[in-house]
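Take a look at this single chain in structure tokens; it is the form predicted alone.
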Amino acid sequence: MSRSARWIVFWLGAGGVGTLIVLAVLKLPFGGLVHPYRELSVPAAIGRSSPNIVSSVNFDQRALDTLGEETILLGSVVGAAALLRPSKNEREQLDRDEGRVLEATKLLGYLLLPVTLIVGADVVTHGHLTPGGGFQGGVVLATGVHLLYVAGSYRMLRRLRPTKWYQLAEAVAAGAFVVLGLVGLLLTGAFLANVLPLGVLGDLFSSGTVFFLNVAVGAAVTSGVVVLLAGFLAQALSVREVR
């Protein structure tokens, strides 16, 4: 396909998507008193013991959309990791001298490391109850892991952050989301239907599959971001061209 033909295909697609977005936005009830989506989603979320309405929408009422988003994330990580691999003319080589880290930076980093990990885990596991969820908590957890680099050294980060484990964890988490969906399909006839006990509103183990899907997304996002940052850090700090 020629360059001009690719541009024609792009502009046709972009024009079609843009037109659909404008038409959809024009029909949204901005500023009105009628909110049918809210009136349907809020009672459904409360009825399924999930006071965080956003998580109920993401992992129950529109869980299939979230599976698509997670698949996009997984594909993006795989693509970026493939592009960041050392080429035939490159090898990983760690420098002996990694520079000096200020004592104050070390202290702050080591103090924030456990705090950040605890906050990230809390945001993930309580995502069905309070603001947050797997996506947000996953980013916090992945960021917390890299405080080892800020406060310590790149060598230390590499020793305590085995990338292969995170690659495996991302695949397992994405697979767990699909398996839970298939269980719902087998038991109820609907993919990703809530099949677990809803529990008591406000309890940690409540809201049925919303809790487990939220945790699965948290694990996938954590692992994906760690793998991505590992690739970028390797390119910046250890990958060298071999002549």
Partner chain sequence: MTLLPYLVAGWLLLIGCFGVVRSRDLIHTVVCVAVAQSGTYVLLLSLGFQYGASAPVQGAPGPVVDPVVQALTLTDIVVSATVTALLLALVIQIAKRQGTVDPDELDELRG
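What you are looking at is a predicted structure, and each value in this text was computed from that prediction instead of being measured. Take the two forms, find the largest set of C-alpha atoms that superpose within 1.5 Å, and that set is the rigid core. Positions refer to the first chain, counted from 1.
The form predicted in complex with its partner chain exists for this protein as well; it is not shown, and the discussion that follows is about that form.
Contact annotation: Pro162 falls outside 4.5 Å of its partner chain in the model of the complex, judged by heavy atom distances. Remark: Ala176 does not count among the residues lining its partner chain in the model of the complex, judged by a heavy atom distance of 4.5 Å or less. At the 4.5 Å threshold, heavy atoms of Gly31 reach its partner chain in the model of the complex. Among heavy atoms of Phe191, none comes within 4.5 Å of its partner chain in the model of the complex. No member of the trio Leu148, Arg155 and Val183 reaches its partner chain in the model of the complex with any non-hydrogen atom inside 4.5 Å. Residues of 35-70 that come within 4.5 Å of its partner chain in the model of the complex, judged by any heavy atom, are His35, Tyr37, Arg38, Ser41, Val42, Ile46, Pro51, Asn52, Ile53, Val54, Val57, Asn58, Glu69 in sequence order.
In a rigid-core overlay of the protein, Val34 has its C-alpha displaced by at least 2 Å between the shown form and the other one. Fitting the two forms on the rigid core leaves the C-alpha of Phe232 displaced by under 2 angstroms between the shown form and the other one.
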